[in-house]
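A lone chain, given as structure tokens: the form predicted on its own.
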Amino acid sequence: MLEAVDLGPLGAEDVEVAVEYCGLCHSDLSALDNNWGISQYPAILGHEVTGRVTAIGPNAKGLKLGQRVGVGWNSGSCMHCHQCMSGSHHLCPEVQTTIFGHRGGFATHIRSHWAWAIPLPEKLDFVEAGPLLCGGVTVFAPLAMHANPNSRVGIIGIGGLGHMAVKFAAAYGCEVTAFTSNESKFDEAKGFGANHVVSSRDSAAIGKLGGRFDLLISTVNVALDWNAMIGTLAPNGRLHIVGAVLEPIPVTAFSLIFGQHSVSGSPSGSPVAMGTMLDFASRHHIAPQTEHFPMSRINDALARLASGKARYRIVLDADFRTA
């Protein structure tokens, strides 16, 4: 059932965006079910929005009415702390997430600070671009930080995040190995650009990869044999976590000391990182593989996501959009 929500007056530095499409992320499902213990109800979820600017606050910069933009995981930050001033707005202690304490994109309109409404490149397919604004930048950021075109990169999990990670790493020039527990995804992973595919359930196959990877990106939210995965790292290699696994990650000290290995993680990305990622995606014709539902069938879309059968991201088309 639709409900009218009064968003109040537009902030001086905010913009309002008419939602055209919005990706459905597993984080939306986690927020709906309060899996992280931080949900606030009633909630309007949705944080992978593409649409057009319909209103601009008097102090907003760099955007114009009618411009097509995207709004992702975050919709605001303080703009004056050390992190914001140094370009790491997503690490701001006052960062405003789009679906916690804020009205998200499963709606006709969404608001954000102007800096978090990211202009979409003209050649980017905006219909499919929504998942890039959260999942896309989440996997692109560690590649930009920790890889180069000569890197050997492993991607753990070929799902909503992982399939985009494979596409980005392959376009970057890396040698890419995909890990998946689902053998039906082997050929698809190669189609996304993986040079090699390994079953994440095959301990013997994983054991043969000792000392191989410069960067291993985990996109899954399930427990793994983490020491075995660290064993696949080359000297100075890094295991980077972007999948929100809730269990502790046990790692022995010696698995890090010998080989000078690192374990790290990162959330989403800054506005500059998002813009860079979108430009890269546009240049290399990278788009997520999607399934579309009208937003009026959001309950069906959520059930599809919860079933684990989506290949590989769901995008909602705003069929109740108003002018």
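Residue indices: 1-based, along the sequence shown. Please read all numbers here as calculations on a predicted model, not as lab measurements.
FYI, the form predicted in complex with another copy of the chain isn't displayed, but the following is about it.
In terms of contact with another copy of the chain in the predicted bound form, the residue from Cys174, Ile206, Ala107, Val242 that brings a heavy atom within 4.5 Å is Val242. Out of the listed residues Cys78, Leu224, Ala144, Val251, Val251 is the one that sits within 4.5 Å of another copy of the chain in the predicted bound form by at least one heavy atom. Of the candidate stretches 260 to 268, 289 to 297, 39 to 47, 276 to 284, only 260 to 268 contains residues with a heavy atom within 4.5 Å of another copy of the chain in the predicted bound form. For Lys185, no non-hydrogen atom is located within 4.5 Å of another copy of the chain in the predicted bound form, even though that partner is not displayed. In the predicted bound form, Leu91 approaches another copy of the chain with a heavy atom inside 4.5 Å. Although the partner is absent here, Asn148 lies well away from another copy of the chain in the predicted bound form, with no heavy atom inside 4.5 Å. In the predicted bound form, another copy of the chain sits beyond 4.5 Å of every heavy atom of Leu63. Contact with another copy of the chain in the predicted bound form, defined as a heavy atom within 4.5 Å, is made by all three of Gln83, Arg238 and Leu246.
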